[in-house]
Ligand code: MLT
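Shown next as structure tokens: one chain only, the form predicted alone.
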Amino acid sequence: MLRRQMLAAVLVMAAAPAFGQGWPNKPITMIVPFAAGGPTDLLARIIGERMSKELGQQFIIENVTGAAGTIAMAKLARSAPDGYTVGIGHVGTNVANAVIYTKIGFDLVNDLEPIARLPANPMLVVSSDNVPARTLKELVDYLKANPDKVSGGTAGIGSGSHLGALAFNKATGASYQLVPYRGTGPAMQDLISGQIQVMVDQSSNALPQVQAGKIRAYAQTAAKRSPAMPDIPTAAEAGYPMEVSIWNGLWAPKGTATDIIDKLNAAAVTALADPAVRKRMEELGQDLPTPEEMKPAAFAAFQKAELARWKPILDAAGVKSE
């Protein structure tokens, strides 16, 4: 009798499907930590649309704003690890915030499963048209002469635009009043209207506005000029070495099955291999990772290396938040 029971149990186990075998059979929610219209939201919509074709299910974009992305990542970390909730973030939301926010109730590195590394954006130093400076040196001089009269937008403490502002201040010795928004989408609208004067923002958000003549660009924070914006000099060319790139990534709640993570990764790799998607990324000035760099294990190692890079910088700047 015992032998028959053991044999039956083995047969049942053998017949049981793998956890992710029937996945996905319903839409997948992608949590975006900033307001609609910003660079992270734009990337989520481009990637999500292409991944949905690969997986046969719609990606529903959910913008969860506030606290520089920690509210969104907290929601992701507490979601069911069933593959139906993923989150997009970047070096600010998933590295800088791990240093800055010390009492958020979860671990930004260890309580999320890396899915795939996504494209990276060089930053652009830009201003509204009512700023008189025409070159980066003139902008630096203008800021030093008017330290309390110039304001600039960020998506909050620890956001990519905040990291860009910190790098700009360190490289130039200038500073300006930082105004936090729920995303750089609304901040960009205020820059265009002249409500704020300066931003250091991701190229995917700022470049279209520069090309439309709505704002002025001074420099890009890349090691060399991007083919997407060859007429914009690097900050180093103007005498202010500053290399800051805001890389992006996809994560899932901790405990999500490995086979589901692998399917999501494969869909992301396929999305970035699509010629139409690559063309769009290049038009926005984004740098694409290789398929090897996109692998979950490689992305996890990269995230930890970035944490080791940014922690001393943020500690030295004294940037902390509860």
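Just so it is clear, the model here is predicted, and its values are computed rather than measured. When you see a residue number, it is the position in the sequence shown, counting from 1.
In what follows, reference is made to the form predicted in complex with the named molecule, a form of this protein that is not presented.
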Problem - Candidate from Ala96, Val125, Ala116, Ala155 lying within 4.5 Å of the named molecule in the predicted bound form - any heavy atom - result: Ala155
Handout entry: Heavy atom within 4.5 Å of the named molecule in the predicted bound form - the one residue of Gly185, Gly83, Pro233, Pro180 that qualifies
Key = Gly185
Problem - Distance check, Gln286 to the named molecule in the predicted bound form, heavy atom within 4.5 Å - result: no
Problem - Residue contact check: Gln202 to the named molecule in the predicted bound form, 4.5 Å heavy atom - result: yes
Practice task
Look up in the predicted bound form whether Ser161 has a non-hydrogen atom within 4.5 angstroms of the named molecule, and give yes or no.
Solution key: yes
Problem - Contact stretch among 33-41, 50-58, 272-280, 288-296 - heavy atom within 4.5 Å of the named molecule in the predicted bound form - result: 33-41
